[in-house]
Each structure stands twice: as structure tokens, then as C-alpha cells.
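Starting off, we have a lone chain in the form predicted alone, written out as C-alpha cells.
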Amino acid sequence: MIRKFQYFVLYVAVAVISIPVLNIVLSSFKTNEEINRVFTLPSSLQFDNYRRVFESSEIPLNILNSLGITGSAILIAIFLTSMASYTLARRYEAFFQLIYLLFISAAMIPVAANLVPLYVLINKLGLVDTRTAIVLISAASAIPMGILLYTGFIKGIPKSLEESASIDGYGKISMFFKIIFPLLKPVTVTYAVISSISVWNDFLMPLLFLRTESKKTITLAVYAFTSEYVNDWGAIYALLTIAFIIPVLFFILNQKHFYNGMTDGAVKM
């Protein structure tokens, strides 16, 4: 009886998650008239919806912007958080524990509370309407999660490895990059997958800071496309499908390391 209930809950969860996604994908191949009939299959595959999306000269640029911003922000965040976490995991003084708590508590601050001071800061730096602003904000936003994951993982790495490396003549920096960082591959992939999804899907920060059409991200492209072609729902669903399929493919390609990083990090916390 318990097992049947568990299966029932599983099937309900799968349906709740899958139905909206399937609706977006199927609607991207329907005519505008068929889209109003949600629980029906397309009479024929309307690839014209995708053709109309790419007729807009800005869409490829918007996709490249999202890829560039997401990749840059995640690389910066990985570099900073892995090095900071190495220190935090190996130092037990109260001062370093306080810094650790400050990093973690930063994740609890609502985004809306930071909007005004963030805009003033970016404006004074002269970075409004630049992709650099979005990269820096996204990297900073991802740091608390990275500190949490990396610190827990590094604590599980035996110190004897570092002692052996020190005897062999490694300095602190070369020891980190040649001995410690390669061991962080599972948690690095986990961190990259989790953080890249939030950066890729971010709508608020690009809306706040980006003005030029050629600098906008894919999420703003969906928004602009909706207002410009309000009746062309087939093209809108096609663009939505393109917007989510890239992070989904990234997760599928890295899911093995993602699960390893999640379980290892959980055990070593």
C-alpha cells in the first residue's frame, strides 16, 4: 500500500513538471489556431514558427549574449569561490568561521532589497548597459552557493595530500591548482549546473541594466518578442523552447558528475 502511494506521488510529480514543458514544445509546432487547444497534438509540424524566430536579426545575438554572460559569470565564480573555500575549509579560527557565516547569510538577502544600491553602484562604475555589469552581478550572486558546496567538499579531502605535496616542494598556490582543484571536479560540475541555470534564466538584472537590443539576453528577447508579435504565439513558443533546451542539454551532458557532487558534498558537510 505504501509503495503504491509512493508511485502515485511520483506520477503526480512527473505530471505536474512535464505537462507545462510538453505544452511549450508541442505548441511550438502548432498553428496559432491549434495552440488554443492545449491537450491536442499538432496536425502537422509547423517549422515555420522557428523560421520566424530566426528572421529577427537580434535572436542569434541574444543567444550568444546569454551564453557569454553565463559562461563568464560561472568561470569567475568557480575561480573565486574554490580558492576562498579552500582557506575557509582549512582554517578553524573564529574569524574565518565568521566570514563563512557572512558568505552563507548573503544568500538569505532578498534580491529586491539590493536593487537600489546595486543600480547606484553600477551607475557610478559606468557599467549601465554593459554585459560586464550582468557578469559581475551574476558571479557575485553565485558566490554564497559556491562557498557552501566547496567548503563542505574540501573538508573531506585528506590533509595528508597537502602534507605530501608540501614535502615535494609545492607552494600554496601551486598545491591548490595542481593537487586540490582537480579533485574538486564533481562539486565544480554540480556548482556550474546549479548556478548556470539561475544566471541563464535571470530576467530582472538584464531588464534593469541592459538597454541596447544587441546586448540583451534570451530572456529579454522572449519578453520583447511577446510585445512585438503579440498574436504570433507559435513563434513565441518556439523561442521559449530554444530558451530552455540549452540549459537542459547542459544538465543532461553533466548529470553523472552532478549527482556525484551532490552526494559527496552532502556526506562531507
Partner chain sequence: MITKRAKRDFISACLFLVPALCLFLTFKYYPLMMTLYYSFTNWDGFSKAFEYVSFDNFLNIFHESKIYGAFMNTIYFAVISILVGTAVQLGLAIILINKLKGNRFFRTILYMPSVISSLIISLTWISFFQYNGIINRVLESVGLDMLIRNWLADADITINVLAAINIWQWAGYGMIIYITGLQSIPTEVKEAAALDGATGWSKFMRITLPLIMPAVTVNMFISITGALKVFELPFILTGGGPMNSTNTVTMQIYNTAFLSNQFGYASSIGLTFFLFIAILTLIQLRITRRMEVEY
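Positions refer to the first chain, counted from 1. Source: prediction; values computed, not measured. Note that the rigid core is defined as the largest set of C-alphas that superpose within 1.5 Å between two forms.
The form predicted together with the partner chain exists for this protein as well; it is not shown, and the discussion that follows is about that form.
- A heavy atom within 4.5 Å of the partner chain in the predicted bound form is found for one listed residue only; from Ala107, Leu75, Leu183, Val128, this is Ala107.
- Proximity to the partner chain in the predicted bound form, defined as a heavy atom within 4.5 Å, singles out one entry of Leu61, Leu210, Leu26, Val222, which is Val222.
- For the marked spot (Ile17, Ile122 and Pro247), a heavy atom within 4.5 Å of the partner chain in the predicted bound form is present in each of the three residues.
- Within this chain, Ile157 is remote from the site of the partner chain in the predicted bound form, having no heavy atom within 4.5 Å.
- Proximity of Ser164 to the partner chain in the predicted bound form: non-hydrogen atoms within 4.5 Å are absent; the residue sits far from the partner.
- In the predicted bound form, the partner chain sits within 4.5 Å of a heavy atom belonging to Pro144.
- Among heavy atoms of Glu93, some come within 4.5 Å of the partner chain in the predicted bound form.
- Contact annotation for 153 to 179: residues with any non-hydrogen atom within 4.5 angstroms of the partner chain in the predicted bound form are Lys172, Ile173, Phe176, listed in sequence order.
- After superposing the rigid core, the Cα of Ala238 is displaced by 2 Å or more between the shown form and the other one.
- Here Ser27 counts as shifted, since its C-alpha moves by at least 2 Å between the shown form and the other one after the core is aligned.
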